[in-house]
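The chain below stands alone and is given in structure tokens; this is the form predicted alone.
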């Protein structure tokens, strides 16, 4: 009897020692080693001054972020657009040069391997930005696809992609001469900073008129950059600057001199939670295998495409998912116990409808993203139950887990707010 073909891509990552980011030495000039931590295999700053100060800088002025840990992959060749159309969920062939698109890479079982942004630099040349924590997995997956080692369609196990583009690591000189790493400039003053550094002779309207998810290639103070209107903070005015690793330190310095405040991972997380943006492993994939439709990103999964890897599974999920991600506002005044991941969300009848995925304290409020029953009523008021944090709390009667539908008394009240927000 033949075993059932699932289409699931299995990847086992060897745990290597964390790597210093391209800007590691620059971070040590601004903060202590004690404020650095391993994130996705890279040693990154958690904060420089404080999470609050850096969060406020992005909302009120401009913050700069070391995103050089992110993976940048070049997909090039006559069949590169067709290849990306098959291996990602959004429509790629119709993209214009200078346009970027948010998309997903799935396996044939419909599992999210990563959420990505694709930038079309030429008709036959794309830059794909991958989460650092998924870098090795995506490289292994792309290699397996090109080598025809994995199933791309469960219903037709012998189906092949038929395209063989050139794939290069844009952080490795041995693989790609045009190397790129990412430094983000986010917040209302980020436009002024970029304009201040814009090379003479380049029209300012090329930047001021740049629409979200579009980019140009130009020089900033003599440094060649891909200047993209993209970011991960919810800022209406935001840029990501893709520069050669050799020029990253210089660009970092001149961005600070131009008025950008260095920001660490702590504010990057609080900003994205406040804006309602998902983090892979939390509001995407992760413990609950959260799909794009549940996360609020079904628009990036084009089910009208003839085919993409994982389409059959996504079609089923789009019709039958029973959960969704909500954004909540909770009391965050001094003395209020912080809400943490896995704490329980209750409706106005005290019934469990889901749990917290991420939460951040922002001013006098806490903003949380929660995974809840799609069919539950959305009351004006919700409550949160703090799960037991330790054995002592269990002995005092606090529960370690609560099932959907189970009733209990909440500890803190809040309300449901709009799923996303721009600042």
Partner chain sequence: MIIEGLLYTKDHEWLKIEGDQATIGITDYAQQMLGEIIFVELPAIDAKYPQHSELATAESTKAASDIYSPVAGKVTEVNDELETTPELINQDCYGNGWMCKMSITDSKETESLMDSKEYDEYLKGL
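Positions refer to the first chain, counted from 1. Remember, predicted model here, so these are calculated numbers, not experimental data.
Below: the form predicted together with the partner chain, not depicted.
Although the partner is absent here, residue 377 lies well away from the partner chain in the model of the complex, with no heavy atom inside 4.5 Å. In the model of the complex, residue 52 approaches the partner chain with a heavy atom inside 4.5 Å. Heavy atoms of residue 336 reach within 4.5 Å of the partner chain in the model of the complex, making it an interface residue. Taking the partner from the other structure, the partner chain in the model of the complex has a heavy atom within 4.5 Å of a heavy atom of residue 392. Only one of 30, 40, 46, 388 comes within 4.5 Å of the partner chain in the model of the complex through a heavy atom, and that residue is 46.
Residue-level contacts in the model of the complex: of 340, 214, 139, 351, one residue has a heavy atom within 4.5 Å of the partner chain, and it is 340. Contact with the partner chain, judged by heavy atoms within 4.5 Å in the model of the complex, is confined among 222 to 230, 111 to 119, 327 to 335, 293 to 301 to 327 to 335.
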